[in-house]
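A lone chain, given as structure tokens: the form predicted on its own.
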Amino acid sequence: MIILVTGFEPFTPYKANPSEELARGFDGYRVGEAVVRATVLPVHHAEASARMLALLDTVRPDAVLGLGLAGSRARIALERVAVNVMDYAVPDNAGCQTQDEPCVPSGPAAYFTTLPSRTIVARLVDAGIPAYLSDTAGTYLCNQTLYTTLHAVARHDAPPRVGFMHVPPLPSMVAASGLDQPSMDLTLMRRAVEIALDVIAAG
């Protein structure tokens, strides 16, 4: 079994992105009979989705767990739905700030994620990790990449299960910003990903 884990590079206004460090740290990780292949996606309106679609063809994963930063979230968020809209609050790293554009012009309004997100949330909460099931992945690159991934695998005869986990900022990021924001230690985030992978690998 192959589980593909993705993170994102930093983006405005952040100089770091915990999802990048998490993804890099899990490349080659083994859980049960499963092995993780991990990569970091660019924060780019066209390249992020193109990179993900290429990975689906080359890695041929049985499951996909996307990771991303949500600066306003205080808890780990397991996303339940991806919507067919791009409405960037800030420009991507190529300077693009699209509004009211579809992720896939011919695609349906939304897709539900297919990982056992509720089970993952329950396991996280039982482990003392703040977590919840979220009904919005936003309208930036996280949602866009999740949507285009679900759209691509919908055409597969045996599609991989696909889901997404948003993480809060690191304490160091909040300290540097000087703002009153939530944060979470990287060690706790890593434990959250380990639990998610354990649930996914168990089928």
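Everything numeric in this text was worked out from a predicted model, so none of it was measured. Note that residue numbering begins at 1 and tracks the sequence as displayed.
Below, we refer to the form predicted together with pyroglutamic acid (PCA), which is not included among the displayed structures.
Contact annotation: pyroglutamic acid (PCA) lies within 4.5 Å of heavy atoms from the stretch 133-141 in the predicted complex, the single such stretch among 133-141, 172-180, 30-38, 53-61. Contact between H166 and pyroglutamic acid (PCA) in the predicted complex is found at the 4.5 Å heavy atom cutoff. Pyroglutamic acid (PCA) in the predicted complex is approached by V43, whose closest heavy atom lies within 4.5 angstroms of it. Using a 4.5 angstroms threshold between heavy atoms, L65 stays clear of pyroglutamic acid (PCA) in the predicted complex. Put simply, L69 is close to pyroglutamic acid (PCA) in the predicted complex: some heavy atom of it is within 4.5 Å.
Annotation for 110-124: no interface residues with pyroglutamic acid (PCA) in the predicted complex [heavy atom within 4.5 Å].
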